Ligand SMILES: Cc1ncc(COP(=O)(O)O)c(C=O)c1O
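Okay, here we've got a single chain as structure tokens, the form predicted on its own, with questions on binding and movement later.
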Amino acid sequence: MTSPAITVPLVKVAMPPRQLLMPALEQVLYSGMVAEGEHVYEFERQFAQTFKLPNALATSSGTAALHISLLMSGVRPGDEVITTAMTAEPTNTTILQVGAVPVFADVDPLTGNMDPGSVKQCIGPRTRAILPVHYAGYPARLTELRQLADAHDIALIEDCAHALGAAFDGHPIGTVGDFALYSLQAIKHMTTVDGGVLTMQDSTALPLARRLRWFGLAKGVPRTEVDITTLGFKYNMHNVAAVLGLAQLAGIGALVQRHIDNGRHFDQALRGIPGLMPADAGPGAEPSYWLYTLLADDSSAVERCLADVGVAASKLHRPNHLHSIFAPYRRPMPALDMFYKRLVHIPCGWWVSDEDRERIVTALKKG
């Protein structure tokens, strides 16, 4: 007997209403100004205001924003960055891109997030930054990580790619680290097809970040007069992506809230089922549930159970240290091994209806 077709996917692309988006896209496409311009700058202003950030710098991807943040944190070839293997691969390939060494900290086995105790053991004379990922939208233990970064005079960079709209101890995600990056890739909470945002505590560093985003050049200065003093990159967002982002922002509050409402529903409804437990976000954490994280005695059985009712479930990511490119940096991480064995993600996004989530709960209770 074959399982029914999947009708509730694990992830799904969110688009604003056609009647809002298409006129705005047509206007910018035929305006003669499709590269970086005022639409990008307006998107930056609105993004920062919406998510209560000190500033926002729009980039071509979240990976580009991370690369800039590593450089601005003083990470250079041979330096070490304490990171997590429980993430999408660009978190750590970008560390290699700047010539630095990824030092994998172990994780909290209840969330998959970086364990501050393990981070403390990883800090050495070459450490320049700590790079936590708010995995699946569940905030990492930022208070402890901030204290470690301050005690050792190293940067704290928040990877918020999964965690748009989350908070920790009442602070919006992205406002505790020296730098923070967001992903606007296709399947995140909101998308500009591809894109990212960088924010930083020190707003006086924005001019340097803008130059790093654009070949080392300062925008607004005639090209015959500008002088490149710092190597930069082609990391800018363009007006077409920004128009899509502006349309997304018009409805992002309700969209993120639906992720949160579904996640909180599962937090209550899935407790007490033998062999299953929801991930524990921990004190002060307010997840935005990009994915819902379950821990199961038999994760494969959960995937089969939900497939039988047309619902996708998956581990989604592969711990990065299992890739050959990271083989030289492998180290024992028993808590990560435990977490990954038990991990299974289930959908909880804006597309999951009340009926869908009851179908999920009923199937899991039946086992």
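Keep in mind it's a predicted model, so treat the numbers as computed, not measured. Residues carry their position along the shown sequence, with the first being 1.
This protein has a second form, the form predicted together with this ligand, left out of what is shown; the following refers to that one.
Trainee: Could you tell me which one of 172, 216, 90, 251 places a heavy atom within 4.5 Å of this ligand in the model of the complex?
Mentor: That would be 90.
Trainee: With this ligand left out of view, choose which of 128, 188, 259, 211 has a non-hydrogen atom within 4.5 angstroms of it in the model of the complex.
Mentor: Contact with this ligand in the model of the complex is made by 188 alone.
Trainee: Taking the partner as it appears in the model of the complex, which of 161-169, 261-269, 230-238, 202-210 has residues with heavy atoms within 4.5 Å of this ligand?
Mentor: Result of the contact check: 161-169.
Trainee: Is there a non-hydrogen atom of residue 46 within 4.5 angstroms of a non-hydrogen atom of this ligand in the model of the complex?
Mentor: Residue-level check for residue 46: no, no contact with this ligand.
Trainee: Find out whether any non-hydrogen atom of residue 61 is located within 4.5 angstroms of this ligand in the model of the complex, and reply yes or no.
Mentor: Judged by the heavy-atom cut-off of 4.5 Å, residue 61 is in contact with this ligand in the model of the complex.
Trainee: With a cut-off of 4.5 Å between heavy atoms, is residue 149 one of the residues that contacts this ligand in the model of the complex?
Mentor: Heavy-atom contact with this ligand at 4.5 Å: absent for residue 149.
Trainee: If we define contact as a non-hydrogen atom of the residue within 4.5 angstroms of the partner, is residue 183 a contact of this ligand in the model of the complex?
Mentor: Result yes; residue 183 sits at the interface with this ligand in the model of the complex.
Trainee: Could you pull out the residues of 121-154 that have any heavy atom within 4.5 Å of this ligand in the model of the complex?
Mentor: Residue within 4.5 Å: 133, and no other.
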